[in-house]
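Next up: a single chain in structure tokens, the form predicted on its own.
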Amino acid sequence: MNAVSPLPARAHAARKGSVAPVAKHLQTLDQHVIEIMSDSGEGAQKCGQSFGSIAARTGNGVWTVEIIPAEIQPPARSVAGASGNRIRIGSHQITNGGDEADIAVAFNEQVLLGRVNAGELKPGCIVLLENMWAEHDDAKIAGQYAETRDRLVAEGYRVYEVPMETECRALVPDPRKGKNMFVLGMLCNIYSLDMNLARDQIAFIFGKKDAKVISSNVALLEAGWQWAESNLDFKYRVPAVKATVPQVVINGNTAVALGVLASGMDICAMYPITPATSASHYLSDVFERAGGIVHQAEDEIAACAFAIGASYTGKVAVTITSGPGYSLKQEGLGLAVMAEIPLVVVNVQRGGPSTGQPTKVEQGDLLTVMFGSHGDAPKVVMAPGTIEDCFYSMITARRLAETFNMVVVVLSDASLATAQQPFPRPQFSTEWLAPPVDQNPVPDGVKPYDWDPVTGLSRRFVPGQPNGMHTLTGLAHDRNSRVAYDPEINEQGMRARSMKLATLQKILTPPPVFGDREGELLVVGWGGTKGAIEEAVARLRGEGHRVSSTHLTFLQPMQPGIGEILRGFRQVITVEGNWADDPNDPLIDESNRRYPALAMLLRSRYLVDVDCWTEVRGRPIKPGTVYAELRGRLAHLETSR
């Protein structure tokens, strides 16, 4: 069957009745990228998540990326209103969303057009397009459909028009609520996935509904599978390798929430904010069963204050937010630093400034988290690089907060928050949990802030502890917690709080190097760019280039040994999702160029001429884009010898 426009003949036949399956060649692939897009509320995101889960259970490597419009409810059939999911599946571990899509499924041509205009589809991409708009009563809509369809065909896309509305209406009264499961069935057929796993997935999704809901969605799934079998002339198989240990398939926010549970924290105080809110949604469902509490405060400031108060009583609380919420918490965080109250803060970064791009990814908050507070307020800053890291970082954060009586900030981002990836199911350890609160009497002579002269550490006092009564204040204070403006005492307090970071740095290990420890080019990254960077570096190394990368998990304090790693390479660059000036712009030179956050930190600390490449396009950085940039750098290094 040829992919032509208008609707292929076999699709017309399928609308009238059953037809014999078309001849098709089963092609084996190493990997593929699929995008599913619809208007908000039509279930494309759920379809993509389900497809990713089925593929992961099959044994494929999977990474999903949510396509989220900036508006909560954008106008229907709008170019900027695409809502959906990108799914990358492979025969090996997948660590990022990949490059342009190989297949796109669209519930209308306008949301598809937005992705085409953004350059998200590969040349010659297969397009499965809902055809109901071709004969719409509104001539303008029918004209938009025909114009877009013809443009796509002219530009070389393989367009298959799919009668989703007609096929679904035969099974459910409201096709808008069924197309996503029909599409799921089509994709299971196209990628040769086990339909029993797909049926199980539907039973899991609608487990809280009655049996009729589950059966009707299974019928839609099977109808989609049969339509694809009868009408599409292509079929793929991405070889899968069954995992040898149990796996979980979750997104970064769920991993953070599970990490909160696993760490022994039992209080989360937050105010809803995109893209962090789903972490509290998950905790709200499960936390109470583990003895935890989710407190939804009236605003971000109150959430921070509640968490600080809970931690003061002997717990270690967490507050979860995004950039604008973190800004509102700053004064409260300063109180926690001054009073040396342990606290964990999760900042799921998004595009800014101001409201910015609330549903888009960016790495713009690093310097704010490190230096944004008034006065010197040292905090531990960590940045998970994978979804699995999101889980384990919460356990580490709780332990560090309690050990050092400090604020520990975990910097996630919108890409990690919403992406799904399988990883080995964590095996719970009691070592992850907080030790019992010490309620023994405070020994005679021990002071509330009895700072160790070397480490800056002091004992944690808990309200109600015998001999532990003292006044807690956010003012400068002495070792007895008495307000003190004496210059020497003020410096003693500042030194002690700073020494905690130095103490932590001494027990950290150097960051691993992906590749050789010497070479032409070193790429340094942090946070959710890890997968894209390492894929690009691996590709270049496979071509014989002397390029390596290292990814920083601790940004404050930085891990030891970084300077030595940097100096082992002829050129060092950072790849980051925050702003940097382009040195080719007419007004930019070395006297005024703005560097991105990590490059600035590395340059100032290690006195190495660290260059940079950044992208702030509101989407995850693609491995192919990084590869092209690095290859250009390597070519320049070769010619400049």
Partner chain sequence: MSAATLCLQHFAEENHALEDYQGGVPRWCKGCGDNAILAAMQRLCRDEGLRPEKTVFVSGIGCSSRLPHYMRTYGFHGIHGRALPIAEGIKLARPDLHVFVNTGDGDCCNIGAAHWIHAIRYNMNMTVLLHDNHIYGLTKKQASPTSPIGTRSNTTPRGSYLDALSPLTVTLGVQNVSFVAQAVDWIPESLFHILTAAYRHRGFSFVRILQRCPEFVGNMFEPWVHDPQRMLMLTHADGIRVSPALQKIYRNQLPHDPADINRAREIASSDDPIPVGILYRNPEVPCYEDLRGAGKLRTADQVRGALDAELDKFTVWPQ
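Positions refer to the first chain, counted from 1. Just so we're on the same page, rigid core means the largest C-alpha set that superposes within 1.5 Å between forms. No experiment lies behind these values; they were computed from the predicted model shown.
Keep in mind that the form predicted together with its partner chain is missing from the display, and what follows is about it.
Peer 1: Kindly indicate whether 160, 212 and 539 are, all three, within 4.5 angstroms of its partner chain in the predicted complex, using heavy atoms.
Peer 2: Checked in the predicted complex: no contact with its partner chain for any of the three.
Peer 1: Should residue 264 be classed as touching its partner chain in the predicted complex when contacts are defined as heavy atoms within 4.5 Å?
Peer 2: The answer is yes: residue 264 has a heavy atom within 4.5 Å of its partner chain.
Peer 1: Do residue 468 and its partner chain come within 4.5 Å of each other in the predicted complex, heavy atoms counted?
Peer 2: Result yes; residue 468 sits at the interface with its partner chain in the predicted complex.
Peer 1: Does any part of residue 57 reach within 4.5 Å of its partner chain in the predicted complex? Heavy atoms only, please.
Peer 2: Residue 57 belongs to the contact set for its partner chain.
Peer 1: Can you check whether residue 271 is within 4.5 Å of its partner chain in the predicted complex, heavy atom basis?
Peer 2: Yes.
Peer 1: Which residue among 380, 126, 310, 566 has a heavy atom within 4.5 angstroms of its partner chain in the predicted complex?
Peer 2: The residue in contact is 310.
Peer 1: Scan 233, 450, 478, 331 and let me know which has any heavy atom within 4.5 Å of its partner chain in the predicted complex.
Peer 2: If I apply the 4.5 Å criterion carefully, the residue I get is 331.
Peer 1: From the candidate stretches 547-555, 86-94, 437-445, 166-174, select the single one in contact with its partner chain in the predicted complex, where contact means a heavy atom within 4.5 Å.
Peer 2: Of the options, only 437-445 has residues within 4.5 Å of the partner.
Peer 1: If we check its partner chain in the predicted complex, which of the residues in 347-370 reach within 4.5 angstroms of it by a non-hydrogen atom?
Peer 2: In sequence order, 354, 355 come within 4.5 Å of the partner.
Peer 1: Superposing on the rigid core, do we see a C-alpha displacement of 2 Å or more at residue 197 between the shown form and the other one?
Peer 2: It does shift by 2 Å or more.
Peer 1: Could you check, with the core superposed, whether the Cα atom of residue 77 shifts 2 Å or more between the shown form and the other one?
Peer 2: Yes; residue 77 is a residue whose C-alpha shifts (by 2 Å or more) between the shown form and the other one when the cores are overlaid.
Peer 1: Is it true that residue 614 shifts between the shown form and the other one by 2 Å or more at the Cα, once the core is aligned?
Peer 2: The answer is no; the displacement is under 2 Å.
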